[in-house]
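We begin with a single chain expressed as structure tokens, specifically the form predicted alone.
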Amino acid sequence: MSAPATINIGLCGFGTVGQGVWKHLSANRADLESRLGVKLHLSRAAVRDLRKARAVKIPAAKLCSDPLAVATDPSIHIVCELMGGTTLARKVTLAALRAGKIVVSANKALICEHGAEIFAAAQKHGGHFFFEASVAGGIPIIKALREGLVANRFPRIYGILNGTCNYILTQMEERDAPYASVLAEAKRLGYAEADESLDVDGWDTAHKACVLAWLAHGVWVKTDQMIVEGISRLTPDDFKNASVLGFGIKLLAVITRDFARNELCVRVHPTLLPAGNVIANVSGVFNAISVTGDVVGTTLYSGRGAGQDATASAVISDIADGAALLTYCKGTHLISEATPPESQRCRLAPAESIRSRYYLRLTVKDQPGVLARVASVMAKHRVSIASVIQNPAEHADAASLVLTTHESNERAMCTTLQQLAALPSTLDEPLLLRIGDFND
């Protein structure tokens, strides 16, 4: 099949990201065309409301209200799925792939829930699926894993994958401000959605961790197979305690593979990182990812993880790759065939194999013998205490106990936490955080 003289591009969704793609692709088209040796034409954009005023103006003739019509239009070569959600987005993506088209997506939830089906459709019908913008915005982490680091196996990948949470945590630490007030400010500034739960409860990060785990290990790990914890129970006191102990606190995705046991663990939770760790010092809305390969060692990636321009940059990068694929017939850019056969796949690590040191905060009655009872429960499950900090609590006649542990495991800590919560002297739900001893 001869390469098209002009690559026609259709957008399904014209919100913040879609408008950014249209704006920047229009502005930089001549330069891209010169590099690629082919014409790029923005053909159509499907929108929810044809009458809505938008910051980026495009001819009315190029607007339509049916994304499936864009996906199946035989004149369109590259379909950009930028709608979000997983229902209509799935239909649009599969329709375009079944027509043998290239699909570019920023939709991490879609990939997490339907990735296996999407890549199977691309392989079966000769389509191609590009998704650089689905993880970490403008940071080219997808290309790094599937291309630049292809010679490696990955014992550990971890990092900050949600700018909203990182902004909130940064403000809480720097201003000694409570979670609720910082969240309200983040909403006013546009850093947090009206319904913040997807971000602050860790689900957005979990969707991105799912994508990275598949790229690195060829396994689809669903969010209900992960440890997923958010940031809403953190207080300014936790940052003070962490600082005394020599740590900062970040919401991390952590993907680890024990190659000797052939076990994979994917988790999302607030983590204490040593103050000298590079990622511990990434602030505001920025993302950062550490990738450890068995050949290259550890590499670090940092940049804007969200927003119109950063995400549009990643989408346009995929459009350029798709155009090059169509023009020069280089073959499948993302190797969906790379998923390992069943005999080589790893299993998910059981709770007793997931090991860490821990930070535990308890609000207890301020009376003799309480610490001894806490220590007794922990000793029963072979959880060894490394340090203790006692602070006044907000409640009258109460104290805040902060304990760190030597290395233990998730099963032991889960049981310990349940029994500590049931003690008559425990006044509030305990808070458990992991300590990240990553030695980068």
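Residue numbers here begin at 1 and follow the sequence given. All figures in this text were calculated on a predicted structure; none of them were measured in a lab. Basically, rigid core = biggest C-alpha set you can superpose within 1.5 Å across the two forms.
The protein also exists as the form predicted together with ligand HSE; that form is not presented, and the subsequent description refers to it.
**Student:** Tell me, which of G322, P270, G127, G305 has a heavy atom within 4.5 angstroms of ligand HSE in the model of the complex?
**Tutor:** For this set of options, the contacting one is G305.
**Student:** I need to confirm a contact call. Of E352, E174, E117, E193, which residue comes within 4.5 Å of ligand HSE in the model of the complex, counting heavy atoms only?
**Tutor:** The residue from E352, E174, E117, E193 that makes the contact is E193.
**Student:** Although the partner isn't part of this model, could you tell me whether D318 comes within 4.5 Å of ligand HSE in the model of the complex, counting any heavy atom of the residue?
**Tutor:** Residue-level check for D318: no, no contact with ligand HSE.
**Student:** Give a yes or no for G163: in the model of the complex, does one of its heavy atoms lie within 4.5 Å of a heavy atom belonging to ligand HSE?
**Tutor:** The answer is yes: G163 has a heavy atom within 4.5 Å of ligand HSE.
**Student:** Using the partner position in the model of the complex, report whether D238 sits within 4.5 Å of ligand HSE, counting heavy atoms only.
**Tutor:** So D238 does not count as contacting ligand HSE.
**Student:** Is the gap between K250 and ligand HSE in the model of the complex 4.5 Å or less for some heavy atom pair?
**Tutor:** Flag for K250 set to no.
**Student:** Residues in which of 202 to 210, 93 to 101, 139 to 147, 250 to 258 have heavy atoms within 4.5 Å of ligand HSE in the model of the complex?
**Tutor:** Among the candidates, contact is made by 202 to 210.
**Student:** Is L183 one of the residues whose C-alpha moves 2 Å or more between the shown form and the other one after the core fit?
**Tutor:** L183: C-alpha displaced by 2 Å or more between the shown form and the other one.
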